[in-house]
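The chain below stands alone and is given as structure tokens, in the form predicted on its own.
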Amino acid sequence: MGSGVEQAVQQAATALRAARYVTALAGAGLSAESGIPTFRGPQGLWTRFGEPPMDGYQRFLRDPAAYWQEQLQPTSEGPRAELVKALETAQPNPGHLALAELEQMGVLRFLITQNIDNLHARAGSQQMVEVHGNRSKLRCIACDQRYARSEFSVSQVPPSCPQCGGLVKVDTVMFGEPIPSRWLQACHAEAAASDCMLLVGTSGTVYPAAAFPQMVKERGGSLIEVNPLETHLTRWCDVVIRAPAAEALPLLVQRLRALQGKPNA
């Protein structure tokens, strides 16, 4: 890792230590480091296979039985098969583990993730909102109750919620589907409380998540970007670590531990 990156990591560690309330926003770049393909970009699933219909949620509501029949049917080719295979084999990378360690250290207060792969939870992160849902869960669209997919028996199509009888779907947020209001409220509250936000592997192009760093900046907070590529958020950032999260974040944890117990460091 070059001296420029090491200097940026040191600056980031100093900024994190000085901050009062640190949050993080994680995006697809972090998942890509675990072998999960992105959707957009040169090798993205949608780039290669075409984008899915933008009215997916409305199609689900019109015929939820057809949606579930497709979900339950095995597939061996195409974008869905490629994504499912990657999700089933992916493991948390050192970037995921470092974010969980930052939380355990008391440095990171909350994580907003755009990723649906459940890798943050498997790495040990607890204080978070999965703003686009979690593929390993199901959710009732009436009461927002979530269920572990592996423990939910789909005895009828479409399945109904054991709590309220409402319609159950995969937890991931579909095109055209409103993000559950309680998730958004939590994200807005955390962004409002933040005086520093760590941006990890996010391009800053997908809203509403892309608005949260701007909220922090507009309130006088600082932004730290960890990304090997320039993004739409780079111009807002106070510190930019131009490296993959799996390399930079463990080093950031080391620097923070070295600063512990050093007043005015």
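Heads up: residue numbers just count along the shown sequence, starting at 1. Just so we're clear, the structure is a prediction, and the values are computed from it rather than from any experiment.
One more form of this protein should be noted, the form predicted together with adenosine-5-diphosphoribose, which is absent from this view; the next part is about it.
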item: Non-hydrogen atom contact residue 29 with adenosine-5-diphosphoribose in the predicted bound form at 4.5 angstroms; value: yes
item: Exercise: residue 134 in contact with adenosine-5-diphosphoribose in the predicted bound form, heavy atom 4.5 Å; value: no
item: Heavy atom of residue 214 within 4.5 Å of adenosine-5-diphosphoribose in the predicted bound form; value: no
item: Residue contact check: residue 224 to adenosine-5-diphosphoribose in the predicted bound form, 4.5 Å heavy atom; value: no
item: Stretch 177-202: residues contacting adenosine-5-diphosphoribose in the predicted bound form, 4.5 Å heavy atom cut-off; value: 201, 202
